[in-house]
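Quick setup: one chain, the form predicted alone, written in structure tokens, and binding and motion questions come after.
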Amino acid sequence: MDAGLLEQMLIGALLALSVYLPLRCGQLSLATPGFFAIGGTVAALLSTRIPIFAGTGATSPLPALLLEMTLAGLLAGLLALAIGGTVLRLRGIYLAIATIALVEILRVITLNLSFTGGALGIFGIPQPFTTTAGYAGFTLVLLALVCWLCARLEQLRLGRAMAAIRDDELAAACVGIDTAQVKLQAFVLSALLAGLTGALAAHFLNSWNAKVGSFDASITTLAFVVFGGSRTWLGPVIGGLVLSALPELLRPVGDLRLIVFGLVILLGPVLFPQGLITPQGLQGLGHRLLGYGQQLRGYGHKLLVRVNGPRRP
């Protein structure tokens, strides 16, 4: 597989996890592309305007990238913290509309700022890795870390509170869960993840402009989660990987690839209403694998008996 395509798939999976975090609370937030664009803009500005981050011009040190990702994530998280208390009072489709408006506001602001390059954006962003394989390896480690944290989150008190709010917010509030605070924490975590992913993507793409954070990107990232499933962290990862790779894999069919891609997104929720990956499906798969393991163990025991003969008393 081409390393560049793999990197795009991994970035798609990270963005899908960013959408997944608010959905764990039942909050349909489409603000991920906005925070993603903020992260990329921060990294592009720092690495092209400040000598400490710029390195030699064509290349930049890896510690500078890590610092840029940290600053980008913190800025996106602070913005989410500032607006989350107000925005998260909305629910359902109204929250989705409000977060889409946020994405468009950020896009228009970036377009009209001179120091961000306007519509042209920022070019010549220094490269911390000399090959796309380096980017893919780094992003793979980052995705594995985020997946581990999401898996741990499901076992922690915060994760259980998020699941309770998703199932019944009124009942969760009645048992003492601060629903507003939990939803705000999920929103901030989503923004932080999108921001640091944007910083990494800016270096990989070598250029950055306001078009990255758009309404189209909001729908695409939501499709990752709907297609893969929103009940467990593995669903968004699979959805992000598959749907990010599909347009490139379908490129040989020409213009028909867009039609096929649209049909996949359309038929996915119809054939799999809860997504490709569900907790029940994973549990059933685990039982099947356990059954196959026991069968193999039985076959191995019979084979040993044939070779060595039955045990004598």
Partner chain sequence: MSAAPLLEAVPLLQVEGLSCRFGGLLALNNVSLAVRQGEIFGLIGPNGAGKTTLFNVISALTPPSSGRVLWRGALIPASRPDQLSRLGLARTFQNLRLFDSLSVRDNVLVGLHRFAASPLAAGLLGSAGERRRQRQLEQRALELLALVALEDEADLPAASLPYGERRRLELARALATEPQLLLLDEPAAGMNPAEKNDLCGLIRTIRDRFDLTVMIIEHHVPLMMRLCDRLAVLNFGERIALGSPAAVRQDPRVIEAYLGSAR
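Residue numbers count along the first chain shown, from 1. These numbers come from a predicted model, not from an experiment.
The same protein also exists as the form predicted together with its partner chain; that form is not shown, yet it is the one meant from here on.
- In the predicted bound form, residue 148 approaches its partner chain with a heavy atom inside 4.5 Å.
- Using a 4.5 Å cutoff between non-hydrogen atoms, residue 177 counts as a contact of its partner chain in the predicted bound form.
- When its partner chain is considered in the predicted bound form, residue 172 lines it closely, a heavy atom lying within 4.5 Å.
- Among heavy atoms of residue 153, some come within 4.5 Å of its partner chain in the predicted bound form.
- In short, of 119-127, 135-143, 190-198, 162-170 it is 162-170 that has heavy atoms within 4.5 Å of its partner chain in the predicted bound form.
- Contact annotation: of the candidates 217, 241, 71, 158, the single residue with a non-hydrogen atom within 4.5 angstroms of its partner chain in the predicted bound form is 158.
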